[in-house]
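The data below hold one chain only, encoded as structure tokens and taken in the form predicted on its own.
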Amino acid sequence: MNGVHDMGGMHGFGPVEPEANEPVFHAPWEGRVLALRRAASAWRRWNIDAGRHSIERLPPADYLRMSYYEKWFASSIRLLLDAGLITPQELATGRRDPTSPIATPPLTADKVPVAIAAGGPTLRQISAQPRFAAGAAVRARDINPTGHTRLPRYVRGRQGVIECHHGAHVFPDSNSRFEGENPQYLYTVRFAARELWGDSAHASDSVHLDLWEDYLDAA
């Protein structure tokens, strides 16, 4: 979707400032937010793409002012409410709603190492053959979806070259809407910097993006 989160190629946000010896968490509450998100996700009321979309749905002013884990916390509240795992009363009071049923959490402490090791693989087997081969010229489709997409605005309508494919993976656009995984081939596409940014870009620079087949047309 065309929101403030799609910052690729935008000016005005200042340089990226790497932090020397950056800690995993800057404050204990950030670790708790990560744990909360992992534990809540184990209920399987949403998927990773719906989770990403919940961050994109934050009000623009909030998205721009919030830190990384503040965004996670706000989106987790939205997901929990939408899934019916908490009630507005519980959110407002911090106490369990006595009318809500008590359920056993699916992710207990002893299961955490196994869950982390398993991850969330998205590779799938499909019978279709890849539409594009390495070296093929492609053009990113010029689309403006209102829902979640992994196709950034700054490459839409731009021409690139297929570097390789990574097999078929869950398609995030449909998965985020709970319309099915729709697995399809995922390609690494190389875009020349001048194709994206014009003659002011360095001639030898390029950007590599992993893009799904539905995002691409033959050039």
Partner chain sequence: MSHDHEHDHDHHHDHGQDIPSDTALRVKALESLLIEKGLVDPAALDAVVDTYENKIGPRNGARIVARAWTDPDYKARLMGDATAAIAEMGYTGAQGEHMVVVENTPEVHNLVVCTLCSCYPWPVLGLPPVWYKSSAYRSRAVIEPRGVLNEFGLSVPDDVAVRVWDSTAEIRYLVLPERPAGTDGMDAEALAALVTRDAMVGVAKVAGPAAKEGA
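Rigid core here is just the name for the largest C-alpha set that superposes within 1.5 Å across the two forms. Positions refer to the first chain, counted from 1. Given the structure is predicted, the values throughout are model-derived calculations rather than measurements.
Quick note: we don't show the form predicted in complex with its partner chain, though the next part is all about it.
Site residues 22, 27 and 120 are all in contact with its partner chain in the predicted bound form, judged by any heavy atom within 4.5 Å. A residue is said to contact a partner when one of its heavy atoms sits within 4.5 Å of a partner heavy atom; residue 127 fails this definition for its partner chain in the predicted bound form, lying far away. Its partner chain is not drawn, but in the predicted bound form it has no heavy atom within 4.5 Å of residue 131. At a distance threshold of 4.5 angstroms between non-hydrogen atoms, residue 146 is out of contact with its partner chain in the predicted bound form. Not displayed here, its partner chain is approached by residue 90 to within 4.5 Å at the level of heavy atoms in the predicted bound form. Using a 4.5 Å cut-off on any heavy atom, the residues of 190-219 that reach its partner chain in the predicted bound form are, in sequence order, 197, 202, 204, 205, 206, 207, 208, 209, 210, 211, 212. A displacement of less than 2 angstroms separates the C-alpha positions of residue 199 between this form and the one not shown, with the rigid core held in common. In a rigid-core overlay of the protein, residue 12 has its C-alpha displaced by under 2 Å between this form and the one not shown.
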